[in-house]
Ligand SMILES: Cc1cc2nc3c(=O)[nH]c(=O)nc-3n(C[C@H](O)[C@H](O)[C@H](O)COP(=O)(O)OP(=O)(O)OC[C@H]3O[C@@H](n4cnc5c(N)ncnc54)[C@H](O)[C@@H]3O)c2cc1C
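A single chain comes next, written as structure tokens; it is the form predicted on its own.
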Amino acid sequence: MKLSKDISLWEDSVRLKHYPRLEGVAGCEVLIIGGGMAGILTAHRLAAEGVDVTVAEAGRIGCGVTAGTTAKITSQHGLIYQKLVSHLGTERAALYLKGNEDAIGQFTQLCEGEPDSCDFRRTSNYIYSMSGEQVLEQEMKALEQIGCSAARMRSGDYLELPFQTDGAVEFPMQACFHPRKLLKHVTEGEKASSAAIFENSRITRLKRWPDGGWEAISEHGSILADQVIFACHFPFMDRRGGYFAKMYQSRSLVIAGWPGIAAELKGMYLDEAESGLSFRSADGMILLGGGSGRPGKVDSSWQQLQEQAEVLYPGWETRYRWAAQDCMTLDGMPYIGPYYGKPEPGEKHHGLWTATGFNKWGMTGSMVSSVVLTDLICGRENKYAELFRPDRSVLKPQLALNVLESTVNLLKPKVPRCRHLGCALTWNEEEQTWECPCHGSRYDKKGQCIEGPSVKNLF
């Protein structure tokens, strides 16, 4: 195995089928823009309902954000429940927990009879603290309020970590898996859907037809669809929805290696502090994540993460290293549902949907999205739809910070500038990429767009 800073363990260990590039004109009932976990799971579920579905992916399926995940499937998204109870109340916080627990069950069913093919296993997830027990106790109190009886408070001595902590909150019966093995399972295996897939087909704009429906246009062709789902990480159509203001992107680093001792972890671990570390085992290695920050502003480096690994696990040998980039919402919950608010007068619905803002929990969020969007598109009620609706209030302090960040970078007298909204770009020497601190678009050294919301090349 050869170390490559631009490839993850998942990408290197599983080869997926190649699909054709979109040429000419195609048609379908529902077009899904984006061939990551959210797009493929939604396509799989819609096709099972008899819907004519097409997926258009800018690059290769499963090679974007999905390839950068640590592949934890859990309803424990940090110490989030004390915040949800405070801001939303116990009923809606409990609904959030139930929605994500249901997603774990959906993954279990999908992998049923095929656990080895997806490396799927149930295990505990732990959010640990290095800053005292108080935050853990507050979270346990919130979990008790919403009726979560499974969670447990654990002492630092109970954990498998190679350093002392102040304890952790444990969620038992969570899960982890190999994301690209699952994608292979649902696109090429016995349970493969009938959805059409186009690769290397970046959709750059949509055109609305007067009699309803949409034309999605790429460089070499177009797709006519009654409805369109944006599952492309960061929605790129700025005239509606305002996602560039109500989301920001966070980039983090991951290394995978052999610890040099028998240190395979049974559970999954994450520091409650944003600057802390993430741990899980996969394929005989430990995945160590950290270094979180906005694109263009990540303070740490792979070398720093490597040095931490060598201190924690003497004899550590890194085999893979990669970066993950996630969309962060203003209230910690994803945006799933209609792309923007109510349809215009005379319209039954505008036919645009989105699944985005998974806040570093994209695997669980992808499954939630597939269930919610399938129900809505098929005309059924979904009990989680109101909770995740994208047009909910975003009057949060982070909104002002996002606007300020964009304004500062727009005013910088610097070139090159992002092709999204014109912010000044920052050069990332370690990854050899141009990065937008405003909204997270990224370009390689030749100017090719490799991360949205931009859909245009730099030069």
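Computed from a predicted structure; not experimentally measured. Residue indices: 1-based, along the sequence shown.
Form predicted together with the ligand: not shown, discussed below.
Relative to the ligand in the predicted complex, residues 174, 178 and 182 are all farther than 4.5 Å at every heavy atom. Contact annotation for residue 154: none of its heavy atoms lies within 4.5 Å of the ligand in the predicted complex. In the predicted complex, the ligand lies within 4.5 Å of some heavy atom of residue 71.
Within 4.5 Å of any heavy atom of the ligand in the predicted complex lies no heavy atom of residue 148. The closest heavy atom approach of residue 326 to the ligand in the predicted complex falls within 4.5 Å. Screening 361, 96, 120, 339 for any heavy atom within 4.5 Å of the ligand in the predicted complex leaves a single hit, 361. This chain is displayed alone, yet in the predicted complex one of 350, 321, 202, 246 has a heavy atom within 4.5 Å of the ligand; that residue is 202.
Only one segment in the set 138-146, 187-195, 229-237, 377-385 has residues whose heavy atoms sit within 4.5 Å of the ligand in the predicted complex; it is 229-237.
In the predicted complex, the residues of 50-65 lying within 4.5 Å of the ligand by at least one heavy atom are, in order, 56, 57, 58, 59, 60, 63, 64, 65.
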